[in-house]
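Two forms of the same protein chain are encoded below as structure tokens; each is given separately, as structure 1 and structure 2.
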Structure 1
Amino acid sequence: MKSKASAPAKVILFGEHFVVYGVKAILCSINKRITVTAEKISERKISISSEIGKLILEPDKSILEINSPLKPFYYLANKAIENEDTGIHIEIDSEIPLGAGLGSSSACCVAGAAAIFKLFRKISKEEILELAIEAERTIFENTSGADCTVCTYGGIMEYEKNSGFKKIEDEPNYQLIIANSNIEHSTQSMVSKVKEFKNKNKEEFFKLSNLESKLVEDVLKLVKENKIEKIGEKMNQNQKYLETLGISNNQLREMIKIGQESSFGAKITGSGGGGCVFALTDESDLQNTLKKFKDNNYECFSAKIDFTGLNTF
């Protein structure tokens, strides 16, 4: 018997990095997915196959010994077969660009936890999320949990590290243009970089966090009032705070300039240093914004908010 689950990519609309220190963030999931298929196999092995490679290992290995980006899947499969006399084979299919700040690893952890554990028992979304965050910690210890949460529940939401998430019930019709710098980045190292900034500039970080908090509260009101132009301005403001944290670079700045000149607003999404930027548009400026990125030879695509989240088959 096979068990399948899919989870969406995500965009952090506001509040990346600050969310790690308790500031509220606003996120949404988008219509690009990862699908994980799991099946029991008679041999007591864990085998994982994806476009980035294969991993075949005996169970019960220490997670610290495993040096592979597929480690979260091993963690989940190993936990699932702890008291079972079986092995597991896992296949991953992804439409989400890897290492681009769009939550590919969180979506893997969420779809992986669902597909793997459903082979053995019924499992709630709450428990899937808990397992997904545990699995994500094997590659990114300090995760705020924001990415896995939005990949599980979908839609657009506010998220706070300590109190969890609240869905934003309005279903805004935003179109996001996502442009990929194709500069690889590591979330773990960008989060460490921001920690260094915080330790060296305590007062400034404190001030920025307060400004970000206020900005997020303003945006929550603007979403209710459907004021897309003003939300775009807040994105540009948020980008200035991210610049101060030191997570941008010349190429990202160039891309953001293109986005800001052709749409309502643009900023980095995710940990920065590389990865993606996104521009906020609606039908009126969607094609023009896409064209501007393409004319400058940037890989880009349009995305809509996904209101489904985790899907199991």
Structure 2
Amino acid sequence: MKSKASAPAKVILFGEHFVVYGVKAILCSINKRITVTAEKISERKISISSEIGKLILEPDKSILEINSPLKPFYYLANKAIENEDTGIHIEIDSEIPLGAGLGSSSACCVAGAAAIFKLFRKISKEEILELAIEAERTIFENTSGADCTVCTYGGIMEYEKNSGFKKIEDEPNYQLIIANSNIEHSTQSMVSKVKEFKNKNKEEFFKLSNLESKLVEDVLKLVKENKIEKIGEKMNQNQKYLETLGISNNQLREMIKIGQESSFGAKITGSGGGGCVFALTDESDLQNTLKKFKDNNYECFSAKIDFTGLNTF
């Protein structure tokens, strides 16, 4: 018996870093997916196969002993077969660039939880989300759960540290051009850098947080009014705040300049220091923006907002 599930990647549209300090963030899922196939096997083992490697282990090992990026899958499979006389084989197929700040780990955890537990019983999206966040915490201890949430439900959502997430019901027809710097970066080191900035510049950080909070509220209104040009202007403004925090570099600035000159707006998405930037377009400037990035030898692709979220089949 086989079970399959897929979950989308995500982009942070507004609010990265500031969200850690209580400001709202706006996220969306995009139409690049991870698909997980789970299958019961007679041998009582957990076998995981993906493009980044393989992992074959006996059940009931301590998660702390496992040094592999595939350990969220081991965690989920081990939990699923706790009272079952079976093993599990898991296959992972991804369209999402790894380590680029597009939520590949969250999409893996969501699709993994759905595919694995569906082998044994009916399971709700709410429970899948809970399991996915648990699994993601095996690699990112302090995850907020926002990425897993948007990968589960799809669409656009606002997220606040204290009050959780709220789905935005509007379904705008934006196109995003996502360009990858291919610079390796550490989310943890970028978060630490922002914390250091905050501690050294308390008053300036307080002002920036207030400005970001107002900007996010403005964007939420603009999404309802479908004013793409104005949203692009807010993206450019948000990028200035991120520059002040010190999470950019010359290559990211060059990429953002290309995006801002050829689309409605462009900014870093995620922790910065590397990873991806994105530009906001519609059909009118989509091909031109793609061409500009490609002419400058940047790996890039176009994406639409995914309104489906988790799919099981």
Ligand code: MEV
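In this text, rigid core is short for the largest set of C-alphas that superpose within 1.5 Å between two forms. Here, residue number means position along structure 1's sequence, counting from 1. Source: prediction; values computed, not measured.
- The form predicted together with this ligand corresponds to structure 1; structure 2 is the other form.
- The two forms, fitted on the rigid core, differ between structures 1 and 2 by less than 2 Å at the CA of Ser94.
- Once you line up the core between structures 1 and 2, the Cα of Lys71 stays within less than 2 Å of where it was.
- With the core held fixed between structures 1 and 2, Gly246 has its Cα displaced by at least 2 Å.
- Taking the core as reference, the C-alpha deviation of Lys200 between structures 1 and 2 is 4.2 Å.
- Taking the rigid core as reference, the CA displacement of Asn210 between structures 1 and 2 comes to 2.3 Å.
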